[in-house]
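A lone chain, given as structure tokens: the form predicted alone.
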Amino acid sequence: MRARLRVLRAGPGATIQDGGRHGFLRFGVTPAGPMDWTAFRTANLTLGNDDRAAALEISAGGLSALCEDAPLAVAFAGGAFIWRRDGVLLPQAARLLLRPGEVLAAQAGSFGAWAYLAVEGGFDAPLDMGSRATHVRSGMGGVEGRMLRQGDVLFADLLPAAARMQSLEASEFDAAIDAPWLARDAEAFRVVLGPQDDYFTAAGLTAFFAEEFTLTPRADRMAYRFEGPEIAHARGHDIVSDGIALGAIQIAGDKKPLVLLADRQPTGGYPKLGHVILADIGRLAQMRPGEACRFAAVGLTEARAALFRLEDEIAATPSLLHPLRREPTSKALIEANLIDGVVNALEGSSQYCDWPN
């Protein structure tokens, strides 16, 4: 048996993403995958999924979907999005058992650009070069290689564990996720220099790490462009094209930083000052245009240590769940039958009241 979500509304940028289409960069194929891998993995691990299981990536445009056919175990995490089930407010990150007929909706909140909705076992979509990740520019993966839109039906196979969950009450399964690594953090984004940091002047490197930069509206899944002080080149702004890794900081002839992200091109011909470390990629991806940030230089040892610490925190997600209590409604209170008898508070006292006839 299969459960499904029917998309009622999807803002621009909503797609299916899995862990990415890896191993094909040398053939010119972009990896795609989640913009914020930390939130993506948090949602999946909450359900016991493999960290590559396909989930929905939701942009600041939001999304709403209707559960159909069978109960569905889902989890969501990411920026400070506003989540509601049938209009009832939910935490920013949670695990839920959706019943057929229930609508789950997300909209942008106080911060963050991306959120992830995972389903137990992962969403089913055709494999394209071994991955379900959507890359819109090439029309690969996901739903017909495009963004989600109203009317799309997304399927999930009911695994044995999910089938057992159908007998659970939602109150037994629903839980809030305590994930401090997803909180807003104003710390500088850490950068490992190279491989072409020698293409920049000493003054340019100093400015990059000393000054503040602002994210421009020219920001998408391919790259984020920042405005700030000019980063001067020492040896021109063209190199022989070489491979582009996640987090690469290219600086072209305009002397402005461009941080390359999930949908980055496989190769590029502009010098790369350095790379934002993997542990900070999720935080950077959650920036919105107009927000400011700083960068800080670190070594490989610190970069590795930061990643290992973050991986350990995320791995502990299943132990950081707290029972989620539904917001009370008049109907729920009536059904709860909170009053099971009447007592006279004045009985046995010298003070009592004569009720009118």
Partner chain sequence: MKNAAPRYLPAGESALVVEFGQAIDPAIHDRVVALDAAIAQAELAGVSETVPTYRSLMIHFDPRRLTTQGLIEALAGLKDAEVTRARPRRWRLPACYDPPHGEDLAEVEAILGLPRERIVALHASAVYRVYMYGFAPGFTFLGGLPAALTIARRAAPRAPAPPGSLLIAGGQALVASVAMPTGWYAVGRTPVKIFDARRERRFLADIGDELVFERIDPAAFDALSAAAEAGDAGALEEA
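Positions refer to the first chain, counted from 1. Here the structure is a predicted model, which means the values were calculated and not measured.
Beyond what is shown, the protein has a form predicted together with its partner chain; the following relates to that form.
Met129 is the sole member of Met129, Val153, Ala183, Ala210 with a non-hydrogen atom lying within 4.5 angstroms of its partner chain in the predicted bound form. Only one of Arg218, Arg99, Arg137, Arg149 lies close to its partner chain in the predicted bound form, with a heavy atom inside 4.5 Å, and it is Arg137. Judged against its partner chain in the predicted bound form with a 4.5 angstroms heavy atom cut-off, the residues Asp198, Ile244 and Asp312 are in contact without exception. Proximity to its partner chain in the predicted bound form, taken as heavy atoms within 4.5 Å, picks out 264-272 from the listed stretches 264-272, 223-231, 73-81, 251-259. With a 4.5 Å cutoff on heavy atoms, His322 does not count as touching its partner chain in the predicted bound form; it lies far away. Within this chain, Ala125 is remote from the site of its partner chain in the predicted bound form, having no heavy atom within 4.5 Å. In the predicted bound form, its partner chain sits beyond 4.5 Å of every heavy atom of Pro12. Using a 4.5 angstroms threshold between heavy atoms, Ala316 stays clear of its partner chain in the predicted bound form. Taking a 4.5 Å heavy atom cutoff to its partner chain in the predicted bound form, none of the residues in 80-111 make contact.
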